[in-house]
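In structure tokens, the next block holds one chain alone, the form predicted on its own.
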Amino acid sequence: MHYFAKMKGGAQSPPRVGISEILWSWVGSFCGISLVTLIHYRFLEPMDMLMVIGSFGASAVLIYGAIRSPLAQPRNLVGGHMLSAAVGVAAYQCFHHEMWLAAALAVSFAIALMHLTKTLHPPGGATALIAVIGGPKIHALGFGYVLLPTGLGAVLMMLVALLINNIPKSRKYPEFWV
């Protein structure tokens, strides 16, 4: 019975953020996602290269909308994505004949490795999964997926977060580096 009682919760919902926080989250997200998608569509896609992965959308929520979260800090953003990308590629290369197994191992090992390295970043789980289910274009990158699109994209989004999140006096990013 105690097991199910824990599922009721008990903590109060956090308060709503102010309009200024919403505006700055919007501006940061717009600028960060614009930068990586602009580079993707204008420069890399014509060369059949990638810069955008879906997990960057979730990263934008954290690094522009929840900037004080430990999960949104630069170490977590870049380290979490890159470690997860490497794990995902390895899982695909070893177990591509059993995609269900490759997918489950990629996400699970990515979570474990992010915990071990103090780089937990929830979108990293999606980055690992994308390495497995992403299709021929992603698979063709091999371990290059770790650097481009994953590493470079995360670094560019972090640079935008550093610039935009520190404009208003009420916001400070990052909370920590290492």
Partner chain sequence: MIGNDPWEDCPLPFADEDVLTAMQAIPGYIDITLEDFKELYRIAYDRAVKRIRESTKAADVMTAPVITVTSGMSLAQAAELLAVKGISGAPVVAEEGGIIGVISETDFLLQMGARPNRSFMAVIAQCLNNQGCIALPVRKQIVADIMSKPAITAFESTTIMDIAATFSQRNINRIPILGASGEITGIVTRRDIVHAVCKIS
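Numbering follows the first chain given and starts at 1. Keep in mind it's a predicted model, so treat the numbers as computed, not measured.
Below: the form predicted in complex with the partner chain, not depicted.
In the model of the complex, Ala140 stays away from the partner chain, with no heavy atom inside 4.5 Å. At the 4.5 Å threshold, heavy atoms of Arg42 stay clear of the partner chain in the model of the complex, well away from it. Put simply, Ala104 is far from the partner chain in the model of the complex: not one heavy atom of it is within 4.5 Å. Among heavy atoms of Leu23, none comes within 4.5 Å of the partner chain in the model of the complex. Only one listed stretch (130 to 138, 149 to 157, 62 to 70, 29 to 37) carries heavy atoms within 4.5 Å of the partner chain in the model of the complex, and that stretch is 62 to 70. Residues of 129 to 154 that come within 4.5 Å of the partner chain in the model of the complex, judged by any heavy atom, do not exist; none qualify.
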